[in-house]
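Just the one chain here, the form predicted on its own, laid out as structure tokens.
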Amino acid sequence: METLTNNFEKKKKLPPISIILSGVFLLIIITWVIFPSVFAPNALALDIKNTKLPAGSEGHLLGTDALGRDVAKMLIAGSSSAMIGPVCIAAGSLIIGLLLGSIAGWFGGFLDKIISAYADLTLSMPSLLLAIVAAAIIGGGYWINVLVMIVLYSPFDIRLVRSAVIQQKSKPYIESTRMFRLNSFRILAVHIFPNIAMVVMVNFFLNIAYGLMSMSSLSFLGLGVGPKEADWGRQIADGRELLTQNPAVALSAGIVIILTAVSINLIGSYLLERSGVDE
């Protein structure tokens, strides 16, 4: 009874202020991603007469860049390319991880050896360096980088799901489903997946944060979005030459990237803690 009461009180407890602030911040970012034209109309419009204006200039909260584009509007417009790619990376990696990890963990044997070998081989590769090489050979581009990152991130999900499935399939409730001769797909989908969903979801959050850092790094190197598009990583690269005239060009994008990644990690960790999976 005491344990049940403690769990109930734990679930009633309000989230820490850091989690609330992280949630509010991510909600703002999501709003920017969905409605960029509402909050930043004509973000890419050039104004050659007002280039390199410092932050706080009239009509420009964060000043302008070398092409006269409003930095605040560029920051909002760049949220789409900065976040959509990482979410696709995390989702694609999750799908591959669930499929291959479940097969490896449930069936074992030869299939497990092949899938585990693929995961180990891919994990040994430097993801960012391989993405740069792929961009140079294939021709680069935003979505090529996303596809490369999905392949390189999937081994983490594969190993996580495989381990979770192996842990679950030895439990009594799974043995009872086998007695009823349920097929493997139904056991995995109905009985095992709900019990590993929270761990997988937390890893999904982490992959979004890692994907954000990777895609921003590639954009910084000029291997992401095109030169005429808005992106946080490219904004940092463009702002390097303006650190003396308007440091807000680079600093604002860098700060938003860090805050977004930290917020995602904090919320992911909080969800895992609240789920009681680690207890």
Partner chain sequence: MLTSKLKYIFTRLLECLVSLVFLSFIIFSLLYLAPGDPAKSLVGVKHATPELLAKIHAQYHLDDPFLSQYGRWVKNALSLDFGNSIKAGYPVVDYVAPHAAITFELVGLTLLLSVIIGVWLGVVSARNKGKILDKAIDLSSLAGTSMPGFALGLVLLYVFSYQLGIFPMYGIGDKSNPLDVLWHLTLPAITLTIGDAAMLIKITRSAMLKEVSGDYTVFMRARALPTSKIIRAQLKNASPPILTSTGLFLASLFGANVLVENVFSIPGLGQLLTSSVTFGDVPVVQFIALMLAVLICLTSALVDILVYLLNPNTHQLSQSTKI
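Positions refer to the first chain, counted from 1. Fair warning: this is a prediction, and the values are worked out from it, not measured in the lab.
Below, we refer to the form predicted in complex with its partner chain, which is not included among the displayed structures.
Contact annotation for S124: at least one heavy atom lies within 4.5 Å of its partner chain in the model of the complex. The closest non-hydrogen atom of W106 lies beyond 4.5 Å of its partner chain in the model of the complex. Although the partner is absent here, F39 lies well away from its partner chain in the model of the complex, with no heavy atom inside 4.5 Å. Using a 4.5 angstroms threshold between heavy atoms, I236 counts as touching its partner chain in the model of the complex. Here is the short version: of A189, M201, I84, V133, the single residue with a heavy atom within 4.5 Å of its partner chain in the model of the complex is V133. Just one of L128, A164, I144, V151 comes within 4.5 Å of its partner chain in the model of the complex, counting any heavy atom, and that one is L128. Looking at its partner chain in the model of the complex, residues F35, S79 and C88 place no heavy atom within 4.5 Å of it.
Scanning 245-268 for heavy atoms within 4.5 Å of its partner chain in the model of the complex gives I257, I258, A261, V262, N265, L266 in sequence order.
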